[in-house]
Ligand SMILES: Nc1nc2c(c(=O)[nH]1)N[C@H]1C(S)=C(S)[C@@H](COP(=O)(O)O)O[C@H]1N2
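Only one chain is shown below, in structure tokens, and it's the form predicted on its own.
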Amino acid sequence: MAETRSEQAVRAPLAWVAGIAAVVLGAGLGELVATVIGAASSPFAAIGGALIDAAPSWAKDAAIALFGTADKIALLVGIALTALVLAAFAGWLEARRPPWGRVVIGAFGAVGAVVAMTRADAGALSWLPSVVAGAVGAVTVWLLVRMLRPAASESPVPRDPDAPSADEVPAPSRRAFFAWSGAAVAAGALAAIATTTRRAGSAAVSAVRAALRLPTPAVTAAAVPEGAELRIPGLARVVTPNDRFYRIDTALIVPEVDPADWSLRIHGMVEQEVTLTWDELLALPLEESFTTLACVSNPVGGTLIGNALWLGYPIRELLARARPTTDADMVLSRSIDGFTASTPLDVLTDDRDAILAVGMNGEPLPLEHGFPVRMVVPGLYGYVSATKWVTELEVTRFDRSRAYWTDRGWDERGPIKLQSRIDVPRKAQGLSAGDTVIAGVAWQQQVGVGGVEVQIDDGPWLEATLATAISDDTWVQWSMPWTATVGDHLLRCRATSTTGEVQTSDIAPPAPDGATGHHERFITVF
């Protein structure tokens, strides 16, 4: 069937522009409203958070492998690009089959509203930003497409063969269309930029954090030993600066928690429920300790690991107040954004430095690392122990409750595996023949590293020199001199624990309980 004149009235590229301009304006205004309602109500955050929650383990691993700690940025960019494609389609649909373009945009707003209200940290008005985005987008696409459609396009009068075709929009209308479309895009972009600036500043909570002075520790960590830092260029520092510490979590937008509103509830299979406020936590005798944290998604040789000086209060002391029942064996920690982690009860009640942390490397926790309070537990991967923005500890059993990642097929206990990594020579480094050094780090928290060996070109394993470890709960640097010869070389490393365990060469992916294998590095010497 031939198209009617009304269907031919708007050329597809112009309809695409109308749809994109409408959605950019709607999305920008929706994000702006979210700065007032709450960051978690952001349409992008709501939809992105739902996608993160729905993602299977392999998709999470693939995202981290491809983008590392920029995985959330990649997700937001992907959502934005998808939204632009759908916006162009909606514009085309509005031009060809009105009112279906408006319906599509409005429907996406409705979906965003429903998703926002199902989030763990949803408020009474969390639906509003998505509704605003959908409504503004729908009205805007209608107005822009209407500007493009010639007034006579619906006329039943036969067209003069010598007259301009109906799809040739008069120049003044087209100029007005582009002016209004540009204004819509500019307004949406400015709203989004204003939103980003406001969120990045996290003004109120950041101001509270900046003014905060942590109390003097009742127990101070011993100084970093003299021989712990080898000071080799390219080698990871023994204490990771806060701005270099890896970040992996499920929060698309960093929660902004005012300490004055924070509290921790300990409940479940306990004889006495306990509630702790921020002021009460700071009044307790806080303790310092060095602990290396590692993500279970860290591949062999990966960088999703860091070591810091933490300040906090032993979780075992709080659990002692609550008095868990004898048949309890797990603590399900909950973040303010709904994330959960399952930690064995015996790990949180033994003598390790498992703490509710408020400080990191001598300052209050950074917002992205859990301010005001997070968990730090040596010896376990972060997904079962290092809950950020923690607000709840439920004492329960592994056979009764499941956590965020164990629901997705990951091991429920997550003990750290023995690992080592080569940092220098760097893979892309142009290395000249002659005397140089091979160096890296090794770790197995709660056990400790007893030695590291290096293999060059499938030769014998050669013993490296260990730096002085801060403790068994931290990684340790190692190094070995090497006289590099011209050509291509394959370097490998393996660690031995203080108990005599040798790092396995068996290759395994991160899922479901951590990667294994020897780290290898190919080096070309000139």
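All residue numbers refer to positions in the sequence shown, first residue = 1. Keep in mind that this is a model prediction, so the values were computed, not measured.
Same protein, other form: the form predicted in complex with the named molecule, not shown, and the subject of what follows.
Remark: R374 counts among the residues lining the named molecule in the predicted complex, judged by a heavy atom distance of 4.5 Å or less. Interface residue remark: Y383 is counted as part of the site for the named molecule in the predicted complex, having a heavy atom within 4.5 Å. Among residues of the shown chain, W389 is one whose heavy atoms approach the named molecule to within 4.5 Å in the predicted complex. The closest heavy atom approach of W92 to the named molecule in the predicted complex falls outside 4.5 Å. C295 is the sole member of C295, V238, V358, V395 with a non-hydrogen atom lying within 4.5 angstroms of the named molecule in the predicted complex.
Interface residue among I248, M269, L230, V115 relative to the named molecule in the predicted complex, by the heavy atom within 4.5 Å criterion: I248.
Residues within 4.5 angstroms of the named molecule in the predicted complex, judged by any non-hydrogen atom, belong to 336-344 and to none of the other stretches in 82-90, 336-344, 187-195, 211-219.
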